[in-house]
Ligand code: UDP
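Consider the single chain below, provided in structure tokens and representing the form predicted on its own.
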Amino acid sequence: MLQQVATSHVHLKDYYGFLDEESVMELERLSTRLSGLKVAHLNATSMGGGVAEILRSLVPLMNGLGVQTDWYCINADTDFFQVTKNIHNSLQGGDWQFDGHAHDVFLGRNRRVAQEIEALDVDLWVVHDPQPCPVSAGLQSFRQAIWHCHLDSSTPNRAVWNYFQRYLVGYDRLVFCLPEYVNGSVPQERVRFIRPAIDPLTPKNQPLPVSEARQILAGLGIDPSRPLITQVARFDRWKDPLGVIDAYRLAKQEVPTLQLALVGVMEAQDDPEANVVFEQVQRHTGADLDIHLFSDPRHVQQREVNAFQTASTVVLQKSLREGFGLTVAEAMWKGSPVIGGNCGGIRVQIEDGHNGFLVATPEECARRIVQLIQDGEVRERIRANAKESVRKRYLMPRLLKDYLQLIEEVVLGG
């Protein structure tokens, strides 16, 4: 039921180039204060999605600082993940209700996970997102725990949110990305805010020469001599892939040589809807040979994603709901001009007109695509501002510091 994810140790020195002296000193202070503490992260799956990507970098860094940290995920069947996908959608505003079967599947799996947790020697648990949230209710003694909600829960399905409230009482802190994600029924004194970050040292985010990126894309069937717009996102209705195609078609009327790549590698076990959405995208694409769909992880891995984000003329993240949107920060870090949906966590990353553009409709998106392709001065200004904003706010060492400060607050009283 509970699967431990293999991790390593990464030394903070590897990140000194992204840290000022004050931050280094604070991290060293925290590591001394938390030395000997046993921490464990629990989430749905070890592959796919932003949480798994964050933990793959964060956990080794915590270990490298001397804070003993493990990572566990839920080894569950399709039935469980279908229920949790419905929960995920509902907490972001989707129309779905719990029935007896969903309740039994959801709680049954979490109770079994809780029984396994009881046998582990852990001082503090960090539980991520809705899938494992109820484990707190199945434990006799949960010690201390943090629940981190990575979703845009600003306009949830009220019935599903009310169902979830009962499981939040077992947590010492409740973490959200933005204040608007917190509903009034949540005990405010236990709420904290942490925004995600990207790891600048992973193959996806390390510098890649544009010439090499274009060669990689050529090998995937992209014409590097023509303008390319790309959205890197799982095939999920909240990412609005059909709206992206509509925007591309409108922009193509003014830029006839335009190409579109939708890069949505399907490797997340907890996303059973991906195949359904992918089929919808295929039907909407029709016979357009300038629309390229990528879903096979054998063909697109971190280096290929890096190439798309580096060599694309414009990168899109036209989400309708977005807890944060790591792919926005990834593309901005590479100096790519980004057009994002005017929602949730994308709004805190993109200052409209300064380091990117925010849009609400395919028509607005198309206008910005054409502007960025045709106006080199605007494009270069956006590129420079984008990279600097990520350097200041959204790199992994900052997230490491935020987490350790929160853990210190919970365990030692700050």
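This is a predicted model, so every value here is computed, not measured. Sequential numbering from 1, following the sequence displayed.
Separately, the form predicted together with the named molecule exists; it is not shown, and the next lines address it.
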query: In the model of the complex, the residue from R109, K252, R173, K204 that sits within 4.5 Å of the named molecule by heavy atoms; finding: K204
query: Residue (of I222, V281, C149, V265) lying close to the named molecule in the model of the complex, criterion heavy atoms within 4.5 Å; finding: V265
query: In the model of the complex, segment of 110 to 118, 208 to 216, 71 to 79, 325 to 333 with a heavy atom within 4.5 Å of the named molecule; finding: 325 to 333
query: 4.5 Å heavy atom contact, K239 to the named molecule in the model of the complex; finding: yes
query: Touches the named molecule in the model of the complex: V305 (any heavy atom, 4.5 Å); finding: yes
query: Proximity of I229 to the named molecule in the model of the complex, heavy atoms at 4.5 Å; finding: no
query: Contact flag, A233 vs the named molecule in the model of the complex, heavy atom cut 4.5 Å; finding: yes
